[in-house]
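Take a look at this one chain, the form predicted on its own, written out in C-alpha cells.
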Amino acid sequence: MFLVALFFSILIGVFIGIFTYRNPKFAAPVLNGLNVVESVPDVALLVLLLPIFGIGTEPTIVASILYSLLPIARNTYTGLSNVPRVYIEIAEALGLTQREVLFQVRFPLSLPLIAGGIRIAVVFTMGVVTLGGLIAAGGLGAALQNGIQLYDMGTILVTGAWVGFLAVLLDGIAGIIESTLKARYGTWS
C-alpha cells in the first residue's frame, strides 16, 4: 500500500506542480483545494472514502495519495517558479524553447525542493497507511488495531516501535536522496 500510494502521489503531485506552474491562474485555487483536503483529519477522510471505495486497501491508498499531494505539488510549483532568472536567460540565449527550458533547466534545478516535498509525503503516507488498519486494510495498522482491541501492550509497543522505526528509516532515506540532489544541483532557493 505504501509504495503504490507514494508512487501515485509523486506522479500526480509533480504533474499538478507542473500544471500550476504553466497555468499560474490555477495555482492558487488548486493549491488551496489541496490545503482543504490536508485539513481534513486522517480518520475522517478514511471514513468519507468508505462509501466510495469500500473497506480495505483502496480507501487507504486513496487517502494516502490525497494527503501526500500537497507537499509534492507545492514544492514542485515553488521550485519551478523560483529558478534564478540568470539560468533561464542563459538557456534562452542558447536557443532553448520554453519546453526545453522547463525540462532541461527548471525541473533539474527544482529537484532538491521536489525531493523535500516527497520526503514530507513519505511520512504522511506512512501515517495514513498505518491508520488503514482501522478499516481492515491490513499491514502493521491491523496488528496495532488488534493490540488496541485486545489491550495487549506488548503488541501495541512492538507494532508502534516498528511503525516509528520504518517512518524514521524511510525519512532518512528520503533525506539522503534530498541531500544528494542538493549537492548535485545546489541550493539556490
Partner chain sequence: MVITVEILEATLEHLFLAYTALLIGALVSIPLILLSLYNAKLASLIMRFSNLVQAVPSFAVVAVVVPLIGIGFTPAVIAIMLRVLLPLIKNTYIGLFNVDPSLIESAKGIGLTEFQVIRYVRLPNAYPAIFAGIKFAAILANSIAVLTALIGGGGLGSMIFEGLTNFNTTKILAGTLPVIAIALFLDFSFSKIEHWLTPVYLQK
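Just so it is clear, the structure is predicted and the values come from calculations on it, not from any experiment. Positions refer to the first chain, counted from 1.
The next section is about a form of this same protein that is not shown, the form predicted together with the partner chain.
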- Message: So, residue 41 and the partner chain: in the predicted complex, are they within 4.5 Å at any heavy atom pair?
- Response: yes
- Using a 4.5 Å heavy atom cut-off, state whether residue 54 contacts the partner chain in the predicted complex. no
- Is residue 131 a contact residue for the partner chain in the predicted complex, using a 4.5 Å heavy atom cut-off? yes
- Message: Does any part of residue 173 reach within 4.5 Å of the partner chain in the predicted complex? Heavy atoms only, please.
- Response: no
- Message: Suppose contact means a heavy atom within 4.5 Å; in the predicted complex, does that hold for all of 48, 123 and 168 with the partner chain?
- Response: yes
- Query: Using a 4.5 Å cut-off on heavy atoms, which residues of 66 to 93 contact the partner chain in the predicted complex?
  - Reply: none
